[in-house]
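First, one chain by itself: the form predicted on its own, in structure tokens.
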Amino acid sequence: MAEIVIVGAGPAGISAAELLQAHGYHPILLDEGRQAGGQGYRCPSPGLELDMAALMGSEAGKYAGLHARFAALRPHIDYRPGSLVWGIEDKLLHIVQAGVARTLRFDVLILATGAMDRIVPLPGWTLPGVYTLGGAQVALKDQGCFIGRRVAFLGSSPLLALAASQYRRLGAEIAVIADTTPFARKLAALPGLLNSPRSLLRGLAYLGDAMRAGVPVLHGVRPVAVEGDGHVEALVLRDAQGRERRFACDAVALGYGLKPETQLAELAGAQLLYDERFRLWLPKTDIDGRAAPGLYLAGDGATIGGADAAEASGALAAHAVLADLRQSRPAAEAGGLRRRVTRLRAFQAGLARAFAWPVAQIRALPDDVPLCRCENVSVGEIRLAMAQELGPVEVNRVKAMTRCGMGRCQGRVCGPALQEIVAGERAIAGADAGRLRAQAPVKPIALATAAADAP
């Protein structure tokens, strides 16, 4: 029987494992986290009493349902929490588990690696107290703590209102929800958002709750700076009317939407294509998630679609595996899953218009703003390198000359903004600026990691 490995134990990975197990397989499910659920349905740390029903709000039923399904599934699969996959070559995964390096062979690989925040730097963004939006949610869901007592939420993402709602629900004070996309652009994107009326209404409810609670909700802002002496003290921005406004706070959560975690897919042989709608390099797959022979992608690690689309695409990937292994005929339910994934991803394309990636804002960043915080490379250093005679015109050459993207995150944080700066300096399309190529290890591993005696 084929050895099937699934990387990622969020909604997509769990759904894929369920279907495969139901057809007689015993898949290996590798989870970088300590508990299944992924980012959206993350469990609190063991022993922490946190009211997840209150925190999840209208999504509490889905949260409980996913974890109940996994509890029933776990005895019938090979679940390996705390397993970081840091490299892939041929049919071999390189893993670190409990500080020990291991290898794992596979015949079929399903990558359900999820997504991470897209970040736009601004003056002061490296001050203690500035977090990614996802980091702010991890602190709350995993540890039951706030990133600050008075938090400002800044960026261009529907998740700003969600995270602010979760913080306010559990007692934090919200200084402001500041969105860089003008309100008129959101209205223009409304037809695409009707692909998921429930999601649209839920997002409007979050905003309505914030406004009724007296939280300032601003659209079309231009960030000026995060201010503070050794820690965050205020967020300064210009509102849609051009007025400078200062919001006292002790923490800032930044989020400009999500980007798929595509590094492992690239190492496994997936082709990446530039998508102008999202201004991202995304893996090429068919509707069922096939990316290469024996390689399947599901969930937000393939294309941003949200938790519901992730569940459906995980099941689709499993159906594709079964069909390719000649273990089943194309299932009737696959057609419904395809239609659901297509509709929900169309909704996400609408969100990309309603919550735009701020290209002009990035290209106008002051020279002294740190772009790559890992290697402490400023925006000005990028521009200076590109201005030299025969200077680089592609992101990997810029990386080689400046070290931007060579740090711990391997460009996962600074890469999207670097691409826009390179494109802007050379007046070229985003696709022509290139992308930072994936390299192992895709995430940091300790030099002291011990090798296991056997794969």
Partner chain sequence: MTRLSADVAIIGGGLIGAWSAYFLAKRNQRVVLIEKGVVGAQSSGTNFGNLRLQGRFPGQYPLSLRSQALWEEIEELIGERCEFEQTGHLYLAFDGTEHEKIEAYAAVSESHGLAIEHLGPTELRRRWPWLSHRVVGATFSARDATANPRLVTPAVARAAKSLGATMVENCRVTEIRQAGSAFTLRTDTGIEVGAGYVINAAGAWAVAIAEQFGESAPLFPAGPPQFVTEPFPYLIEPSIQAVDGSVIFRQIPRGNVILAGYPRTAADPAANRAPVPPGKTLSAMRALARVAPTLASCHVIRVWSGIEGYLPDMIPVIGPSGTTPGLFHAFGFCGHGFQIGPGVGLCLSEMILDGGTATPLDPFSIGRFAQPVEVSAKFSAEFDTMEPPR
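Positions refer to the first chain, counted from 1. Just so it is clear, the structure is predicted and the values come from calculations on it, not from any experiment.
Another form, the form predicted together with its partner chain, is not on view; read the next lines as being about it.
Only one of 209, 233, 375, 381 comes within 4.5 Å of its partner chain in the model of the complex through a heavy atom, and that residue is 375.
For the options 54, 48, 400, 429, the one in contact with its partner chain in the model of the complex, meaning a heavy atom within 4.5 Å, is 400. Heavy atoms of residue 407 reach within 4.5 Å of its partner chain in the model of the complex, making it an interface residue. Mapping the unseen interface onto this chain, residue 94 counts among the residues with a heavy atom inside 4.5 Å of its partner chain in the model of the complex.
When contacts are judged by a 4.5 Å heavy atom cut-off, residue 89 counts as touching its partner chain in the model of the complex.
Its partner chain in the model of the complex comes within 4.5 Å of a heavy atom belonging to residue 448. Listed stretches are 65-73, 36-44, 413-421, 387-395; the contact stretch with its partner chain in the model of the complex is 387-395, by a heavy atom cutoff of 4.5 Å. In the model of the complex, no residue of the candidate spot (220, 346 and 353) has a heavy atom lying within 4.5 Å of its partner chain.
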